[in-house]
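Below, in structure tokens: the form predicted alone, a single chain.
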Amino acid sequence: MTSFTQTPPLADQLVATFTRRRLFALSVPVVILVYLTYIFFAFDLPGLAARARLDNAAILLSDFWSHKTHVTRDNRTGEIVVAIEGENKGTYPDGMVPDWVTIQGDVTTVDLGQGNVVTYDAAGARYVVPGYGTIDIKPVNGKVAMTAPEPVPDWISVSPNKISVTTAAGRFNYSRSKVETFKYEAGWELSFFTLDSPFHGKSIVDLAELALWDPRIETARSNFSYMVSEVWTNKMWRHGDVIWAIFETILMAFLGTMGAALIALPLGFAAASNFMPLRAVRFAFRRVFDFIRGVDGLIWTIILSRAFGPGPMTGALAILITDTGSFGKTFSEALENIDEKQVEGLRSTGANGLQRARFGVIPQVTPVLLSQVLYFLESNTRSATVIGAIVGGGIGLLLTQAIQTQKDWEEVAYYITLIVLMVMAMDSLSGWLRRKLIKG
């Protein structure tokens, strides 16, 4: 007896197919939503939001584009010090203070603007806040006592040993040892000339006159070269050291990338199936490339820094090792995809293996190899910044030091700006070289 299997009608098959696809399309966003919900609780995002200090974030953000001047009084000696960013290199010399600071005997008046006035004297300090009143602070029995209008707002922090006031005009701290007022002003102060420079405080017109017509300040050199020297050796911003650090970063990227390309090119021939007939050799080289690429560049950086010590050369070696694996893989794949007709034509003329590789293979893969090398050079310029922070070289080291101090955030902004400009310059240079070398 013969049995027949009845095939479902075509309409039923189409309906079933559309139903499965609809369910799949609906399940994908559901899975993503479940995963995001898991992340929300696993990473404790509500707790993170509760612990966030937006006031500190606002202060740090303002430090990126502004600077603060410290007006400090030593409560033990009565000495007044006015310094930009609180640094010795930015301290105003005797007899020189900003126009918003007035010193008359034991009384120091700090005008923060918009009616905010801070006064120091031997008895204590007072802060007049418009719309609120006067905050009077005095030392009492070895502790700090405050008299202020009630209720005390949350922008005033009170403890037995210290009182802090933060307003839009500035910040004020009073402790048993010292009283300090911070005034924020826009701009990166002293980025060109420090306070002890003869060019400090002069307008662009005055500087132009000094450079072009006025008599020399020092007979041994022109005023213009004197200005350049003052900027280059600026004690606060260290422009000369920063430019050298930028050069070190680019040098790390260049040495690491080019060294890796030179090493990976012959290894790529050994890993290409159309050039290496021995499968075991090809397999060994490919696994070496996988191992080198599988270990992140930062891990190689840490290992090499322990082996060879810190320095830019260690960073270049870390880039070289990492990129050798990447280049070895991409170069071998490019070699496997060449047009064999050109190689066969050279073989028919009696050319040996080296000649066939030089004149039949290299011209074909050169555009691909150069494109890869130039792209990695551009990418490694960014990576060298992070590597430099680990091995102690380049602009990355200066950036890390500035972040760790947690006070000179305008320097952090300065270094970040230079890093962005460096990457943009390397991107433009890479594109120009790619057009010149590949397209002619």
Partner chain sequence: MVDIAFGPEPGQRPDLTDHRSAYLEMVRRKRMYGGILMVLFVGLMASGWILAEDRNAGGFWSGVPQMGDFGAEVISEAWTNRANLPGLFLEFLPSLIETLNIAAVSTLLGAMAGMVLALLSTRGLARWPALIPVFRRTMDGLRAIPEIVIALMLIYILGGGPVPAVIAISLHASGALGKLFSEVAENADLKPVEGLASVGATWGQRMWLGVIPQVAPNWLSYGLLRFEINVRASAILGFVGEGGIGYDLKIAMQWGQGRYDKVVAIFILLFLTIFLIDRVSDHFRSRLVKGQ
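Since the structure is predicted, the reported quantities are computational estimates derived from the model, not experimental observations. Numbering follows the first chain given and starts at 1.
Beyond what is shown, the protein has a form predicted in complex with the partner chain; the following relates to that form.
Checking 246 to 254, 267 to 275, 143 to 151, 90 to 98 against the partner chain in the predicted bound form, the stretch whose residues place heavy atoms within 4.5 Å of it is 246 to 254. Of the heavy atoms in V81, none are within 4.5 Å of the partner chain in the predicted bound form. Within this chain, R382 lines the site of the partner chain in the predicted bound form, having a heavy atom no more than 4.5 Å away. Taking non-hydrogen atoms only, D427 approaches the partner chain to within 4.5 angstroms in the predicted bound form.
Mapping the unseen interface onto this chain, I204 falls outside it, with no heavy atom inside 4.5 Å of the partner chain in the predicted bound form. A single residue from the set L212, V281, L370, A123 has any heavy atom within 4.5 angstroms of the partner chain in the predicted bound form; that residue is L370. Think of it this way: in the predicted bound form, the partner chain has a heavy atom of just one of F224, W232, W155, F308 within 4.5 Å, and the residue is F308. In sequence order, L304, R306, A307, F308, G309, P310, G311, P312, M313, T314, A316, L317, L320 are the residues of 304 to 322 having a heavy atom within 4.5 Å of the partner chain in the predicted bound form; the partner itself is omitted from this view.
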